[in-house]
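Below you will find one chain, with nothing else, as structure tokens; this is the form predicted alone, and questions on how it binds or moves follow later.
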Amino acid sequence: MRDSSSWHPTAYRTHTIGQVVSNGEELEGKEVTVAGYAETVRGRGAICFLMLRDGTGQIQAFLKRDNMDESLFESVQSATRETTIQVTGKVAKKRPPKVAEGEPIPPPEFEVNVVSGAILAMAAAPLPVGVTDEVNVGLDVRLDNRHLDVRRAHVNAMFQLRSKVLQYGREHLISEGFQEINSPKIIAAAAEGGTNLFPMKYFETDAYLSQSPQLYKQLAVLGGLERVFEIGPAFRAEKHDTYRHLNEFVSFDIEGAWMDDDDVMGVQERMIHHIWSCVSSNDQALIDVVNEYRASQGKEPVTVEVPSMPFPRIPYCDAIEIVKQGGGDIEWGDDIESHHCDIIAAKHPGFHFIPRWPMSMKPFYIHHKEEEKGSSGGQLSRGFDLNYGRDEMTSGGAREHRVEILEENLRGMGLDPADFTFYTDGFRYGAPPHAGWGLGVARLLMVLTGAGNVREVVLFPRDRSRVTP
């Protein structure tokens, strides 16, 4: 449940439900005002039991016709599920449940004995998506009604975890001396090369939605900020329809001066280790909510196992040999696809880096050393990926800081250096060696929660077929 210890009274409530539940002994006999969604309404006649839920927990409200305004009593008694209701009353112990002789007596539970309140908004019925009862609907229906879907306990817990991941990741990067920046999302030229751009008209100028903050975080480093990070959206017009791709996504992106690919792999594994450690220590209650749902679906529980450091490094050339030895059809220079990653994951099931990819497979801004050649003689880059099992999590590497090589790489990719002078000009006046990476937030959440589809852990996902809600 969400921590409510530092919440303050608002116009509609003196306490959150979580505060009342947690501090029942202290609040017993005192008047409180709480508000939330009606989960169930039981009782006909002179008394009524209302189960009320907010984002911090749930509590029973006890209503007696003789103790309150009759029209309010009748309104609550006939309220539909998910109607929002405010109630005021005294906190009291619920009648203890009967237990067999010799059985331990459970700790007391508390309720609110209502004297006044209000119906804030009546919910239409029937609900298109079940909230507290199990209604089997597809993911598309859930996403069409995301405002209701997120009220489901395990879905709500996943988005609370997402917030925690962002918090813990940001805290760690700041602790390592990184400063947060914001790069533009309307750009004039491709950051990654290729054609996977969303074009737009920016007044009279042709422009695009940004594929990546890559070029701008490098310019920030060239400007002397040295260590920067951004948590923000990127857009890619790729016509895919898979469980792990979206056309709009949010990622952690970092860039660091005087660092190479090995240095920033260290930053990444330390950040992930920190996130996992914090979730394990602070947020097991949220994982338990997710696992309760998984158990109801016959799925294995997820466990937050803090990964050991350093993460395994499996250079591209070695990865190709592992795939070949495992019976995979692959040659040097081929991409390592998901079915190849399954073979590698049999030996390295957790987080693992795949560094030293062929330069021909990496963006123009990735650094290479002439002396580093692959088994077939091809030029190796200082680029790397991070995988978890079969899924790629990260792309990163050391950056090319020599302007003449940058322009040569652009021409080699069929791009005109004249279109990138806003970027390359920054390298003409002394550029420090630097490195960085981008790590998808949703893919981290898939690992933490066991979600089988990236859309599960993105609040309002955008793919080829979805631009609303």
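One rule holds for the numbers: they count along the sequence shown, beginning at 1. Note that this is a predicted model, so its numbers are computed, not measured.
Omitted here: the form predicted in complex with a small molecule. The next part is about that form.
Here is the short version: of R152, H273, K90, R236, the single residue with a heavy atom within 4.5 Å of the small molecule in the predicted complex is R236. Of the listed positions (H245, K324, K164, R170), a single one reaches within 4.5 angstroms of the small molecule by any non-hydrogen atom in the predicted complex, namely H245.
This chain is displayed without the small molecule, yet in the predicted complex the stretch 208 to 216 from 208 to 216, 299 to 307, 81 to 89, 155 to 163 comes within 4.5 Å of it by heavy atoms.
Interface residue remark: D253 is counted as part of the site for the small molecule in the predicted complex, having a heavy atom within 4.5 Å. Proximity of L439 to the small molecule in the predicted complex: non-hydrogen atoms within 4.5 Å are present.
For F249, a non-hydrogen atom is located within 4.5 Å of the small molecule in the predicted complex, even though that partner is not displayed. R443 belongs to the set of residues with a heavy atom inside 4.5 Å of the small molecule in the predicted complex.
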